[in-house]
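What follows is one chain in structure tokens, specifically the form predicted alone.
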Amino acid sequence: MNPPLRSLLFVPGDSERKLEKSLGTSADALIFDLEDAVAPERKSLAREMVAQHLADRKANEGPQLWVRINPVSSGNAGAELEAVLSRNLAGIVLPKAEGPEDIRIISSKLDELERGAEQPIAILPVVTETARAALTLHRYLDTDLPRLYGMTWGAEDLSADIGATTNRDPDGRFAFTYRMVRSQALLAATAVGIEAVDTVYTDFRDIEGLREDSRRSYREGFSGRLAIHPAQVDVINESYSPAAEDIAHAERVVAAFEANSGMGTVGLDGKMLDRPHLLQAQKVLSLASSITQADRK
């Protein structure tokens, strides 16, 4: 089993230096960006540079390579997919996805371009960047989208769409509306059976704040996080991996149930545990094992 992607690092598609430097990071995935990180007059150049970097990459070496294209509404998505298609392309990040229909459009274009590739290119949409998009999440549950790797969310474009002057409370936390859509994205991804990827932590200098926020995110159920600076990668990888104490506790939970085979509940450290505790412990151990195996490759 391949572990979920913990760190997905954005890299401006029009910066030769940053594209080269990013390949040496420990990110699980790099997202070569053709959207917000690139000025309109440089988008054609970025497309060419990203396509060249994908073509030059040695197969199965280093982090997965993804590309953030422009939204379906831009009219450029199809041409961008044609330009960056490569055997080294693992996935597409789709910004401002208005709903499952946008995923279908991108999927159909990839079907046309790939023609039955062994490892189909995955799609990670940003599902909350407009008010309309945030209200369509329930529709993903009834739509067959086999390329869908996960869902991620965003607050900056959403606040602009709403017309808000800020997306933060006075204490610096996301305001209620943005915490609500974050939770909805987590629930929708879980219900569909795909990965929930948390949004960027914008203050890349605040490493301890990133660590605290990411550990909280991991405990809530997110499997990874978008990153905007290489300095964030190692902290994110650590935060979205089971800690040693989590693994030790999970092993004790599994051992307690194995020692009491056939019992629906067991006692451990003065607490009664039932099947949900066992399933969670097994999930922790499975994730830890898959990360260890991936790191050895």
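As the structure is a prediction and not an experimental result, all values here were calculated from the model. Residue numbers here begin at 1 and follow the sequence given.
Omitted from view is the form predicted together with ligand COA, to which the following refers.
- In the predicted complex, at least one heavy atom of residue 9 sits within 4.5 Å of ligand COA.
- In the predicted complex, ligand COA sits beyond 4.5 Å of every heavy atom of residue 138.
- Although the partner is absent here, residue 62 is not a contact residue: none of its heavy atoms lies within 4.5 angstroms of ligand COA in the predicted complex.
- Among residues of the shown chain, residue 37 is one whose heavy atoms approach ligand COA to within 4.5 Å in the predicted complex.
- For the options 57, 249, 229, 42, the residue carrying a heavy atom within 4.5 angstroms of ligand COA in the predicted complex is 229.
- The candidate site formed by 17, 21 and 204 is fully in contact with ligand COA in the predicted complex, as each residue has a non-hydrogen atom within 4.5 angstroms of it.
- Of the candidate stretches 229 to 237, 264 to 272, 49 to 57, 250 to 258, only 229 to 237 contains residues with a heavy atom within 4.5 Å of ligand COA in the predicted complex.
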